[in-house]
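Shown below, as structure tokens, is a lone chain in the form predicted on its own; questions about how it binds or moves come after it.
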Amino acid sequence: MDMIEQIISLALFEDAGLGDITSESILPASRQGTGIIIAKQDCVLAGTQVARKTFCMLDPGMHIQMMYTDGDTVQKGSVVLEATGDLLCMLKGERVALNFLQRLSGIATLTKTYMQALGHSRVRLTDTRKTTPGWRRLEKQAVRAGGGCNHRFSLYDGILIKDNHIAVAGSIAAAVEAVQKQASHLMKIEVEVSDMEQVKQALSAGADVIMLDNMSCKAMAEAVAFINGRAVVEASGNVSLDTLHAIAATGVDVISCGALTHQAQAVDLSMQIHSLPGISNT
């Protein structure tokens, strides 16, 4: 069982692991039916394959037709998914599938809004690790569906020396030196800084990427000019639709934005299920 199947299994067990008293009372015998998921607002879709897998894990014989794929823009009133199969399984999977689709499509939709605000800027917009526990892989896929990019996935696949690391190490130079002794030569070293003095220290220590954390746009522009291409420059902190354009104008290479995942609002989707008269599995 892969990670996505584990997440779906946990969600299904949470919702109906001990049974579905309402649906099982109404459907004492197995019956076939159809269901459609409809977009109740304009959105960018994400989570289509998770929704498909949710229904198919309950009923392997269920026929699922996806009308769109992740990253597609969907208009209000459009049918996103059509399912035909066991009604009890469909009823048990309805809320779980919708939860995945609504949450992930909300992230993709918000990310697309940020990307449109950036226009044709050369700046790379990335997410952060501010994700729902257990859902990181899904939420980062949703960011990509909306046109954004991913920052490191976890603590193991990217080096980022933050303020607390510097405090423990004693200085930026000591932290960078310690990491250099342990890390592969293939891995870049990123250092988080908060003022121009730390920018100078990080550059002198040999940082490959310098993250300007919660600095003013004026200070960021000065830092970019000082670094002058000697390191990749990332902006982080206080990133919103209102500040995005001004931050990009400072000349940074990357803007990381936790809001893409932790402030995304679920989109409005609903499912309509109907029994097929005279068709039974018994």
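One rule holds for the numbers: they count along the sequence shown, beginning at 1. As the structure is a prediction and not an experimental result, all values here were calculated from the model.
What follows is about the form predicted in complex with a further copy of the same chain, which we do not show.
Exactly one residue in Val193, Val179, Val74, Leu81 has a non-hydrogen atom within 4.5 Å of a further copy of the same chain in the model of the complex; which is it?
For this set of options, the contacting one is Val179.
Using a 4.5 Å heavy atom cut-off, state whether Glu197 contacts a further copy of the same chain in the model of the complex.
Judged by the heavy-atom cut-off of 4.5 Å, Glu197 is well away from a further copy of the same chain in the model of the complex.
Looking at the partner-bound form in the model of the complex, is Gly134 within 4.5 Å of a further copy of the same chain by any heavy atom?
Yes.
Although a further copy of the same chain is absent from this view, report whether Arg122 comes within 4.5 Å of it in the model of the complex, heavy atoms only.
Arg122: no, not in contact with a further copy of the same chain in the model of the complex.
Contact with a further copy of the same chain in the model of the complex for Leu27, defined as at least one heavy atom pair within 4.5 Å: yes or no?
Leu27 belongs to the contact set for a further copy of the same chain.
Non-hydrogen atoms within 4.5 angstroms of a further copy of the same chain in the model of the complex: do Met3, Val96 and His151 all have one?
Spot residues vs a further copy of the same chain: full contact, yes.
Where, within 73 to 100, is there a heavy atom within 4.5 Å of a further copy of the same chain in the model of the complex? Residue list please.
The stretch touches the partner through Leu87, Leu91, Lys92, Arg95, Val96, Asn99, Phe100.
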